[in-house]
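The data below hold one chain only, encoded as structure tokens and taken in the form predicted on its own.
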Amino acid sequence: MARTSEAAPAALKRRRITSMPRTVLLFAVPALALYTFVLLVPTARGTVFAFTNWDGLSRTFDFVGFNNFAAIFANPDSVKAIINTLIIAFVTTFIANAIGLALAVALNSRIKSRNALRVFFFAPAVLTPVVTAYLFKYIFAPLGPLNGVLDAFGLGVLKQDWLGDPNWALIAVMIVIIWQQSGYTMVIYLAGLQGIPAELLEASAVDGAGAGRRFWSITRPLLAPAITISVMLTLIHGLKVFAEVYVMTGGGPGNSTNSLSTLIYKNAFQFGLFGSSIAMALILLVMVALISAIQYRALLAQGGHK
């Protein structure tokens, strides 16, 4: 009887363990169904339309093979949009992460105002890109606050038509993205810094290591996961940038600030070139996936992770 009573709980435990994956799968079915309906099915249908001349309204369309993709790389406007997208992504990622890391290191100290400063620097990340873009569109206007401040300080020679000059428009857009992303990266780096044992830094200081050596030899390797996450998120945001460009410049002047996202929107909803637009979207998808995978593996290797 003792053996039977001991075997019963064991059998019941095995039954629970065996049935657990089925229960988890049962709860996951609604989410998987929604994910499939909202994302996978439209993506699969869109992939098919990328090889057609569909105008977005007609029920009929013709398959054109890779003509849409060939036309994209043969069109100077599309090539310019791809170049702009890469410039925006890499420049904003590098500068926003550098500023965010510097702010995190400074605000990880014991200064009394650190909590208020953290809120102050993170505040731009809370604003939606559309609101931020409209705010800076006003600031960068020819008669806006920026030129007004330059005039007030006797620096009128530096006044520019910031959003109307092809040489400055893309820089102005990147400044807005950097302003908004720096506080976001700061929070990620702050979380990473606060997970580093203070004893390691104190021991290295006792051994005579300076601030630079402590950061490079101790803080940087231990901060590798935070760097990986922050760089990946800001890079993806830069590659997909739309609202800032569309609101501030509309892709102009000319096509000097067009990104792939704004060009996709224009071609699809203004010119009815849905087939070509979907082909651009696939190119953007591949760009995001490849660049993100490359930098992710590079940062993991640098941090000593596998």
Partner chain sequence: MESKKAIAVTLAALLALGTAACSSPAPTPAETAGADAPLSGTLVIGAYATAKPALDPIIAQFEEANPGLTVTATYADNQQYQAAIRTQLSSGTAPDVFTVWPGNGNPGAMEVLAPTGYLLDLSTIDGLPALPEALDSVTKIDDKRYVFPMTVAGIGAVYNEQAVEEAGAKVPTTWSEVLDFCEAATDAGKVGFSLGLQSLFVTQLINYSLTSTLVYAADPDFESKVKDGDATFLKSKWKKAFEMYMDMNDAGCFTANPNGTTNDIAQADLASGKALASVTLTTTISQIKALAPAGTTFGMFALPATEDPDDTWMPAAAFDGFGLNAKAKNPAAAAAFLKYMASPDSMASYATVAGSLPSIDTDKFTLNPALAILDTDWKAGKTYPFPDQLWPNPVVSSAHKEGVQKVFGGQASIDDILNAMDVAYKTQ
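Numbering follows the first chain given and starts at 1. Predicted model, so just to flag it, every value in this text is computed and none were measured.
This protein has a second form, the form predicted in complex with its partner chain, left out of what is shown; the following refers to that one.
K.L.:
Please determine whether Tyr246 contacts its partner chain in the model of the complex, using a 4.5 Å cut-off between heavy atoms.
P.N.:
Yes, contact at 4.5 Å.
K.L.:
Heavy atoms within 4.5 Å of its partner chain in the model of the complex: does Gly210 have any?
P.N.:
Outside the cut-off, so no.
K.L.:
Check Phe69 for me: does it contact its partner chain in the model of the complex (non-hydrogen atoms, 4.5 angstroms)?
P.N.:
Phe69: no contact with its partner chain in the model of the complex.
K.L.:
Taking heavy atoms and a 4.5 Å cut-off, does Met174 contact its partner chain in the model of the complex?
P.N.:
So Met174 does not count as contacting its partner chain.
K.L.:
Though the partner is not shown here, which residues of 242 to 277 have a heavy atom within 4.5 Å of its partner chain in the model of the complex?
P.N.:
Counting only heavy atoms within 4.5 Å of its partner chain in the model of the complex, the contacting residues of 242 to 277 are Tyr246, Met248, Gly252, Pro253, Gly254, Asn255, Ser256, Tyr265, Lys266, Ala268, Phe269, Gln270, Phe271, Gly272, Leu273, Phe274.
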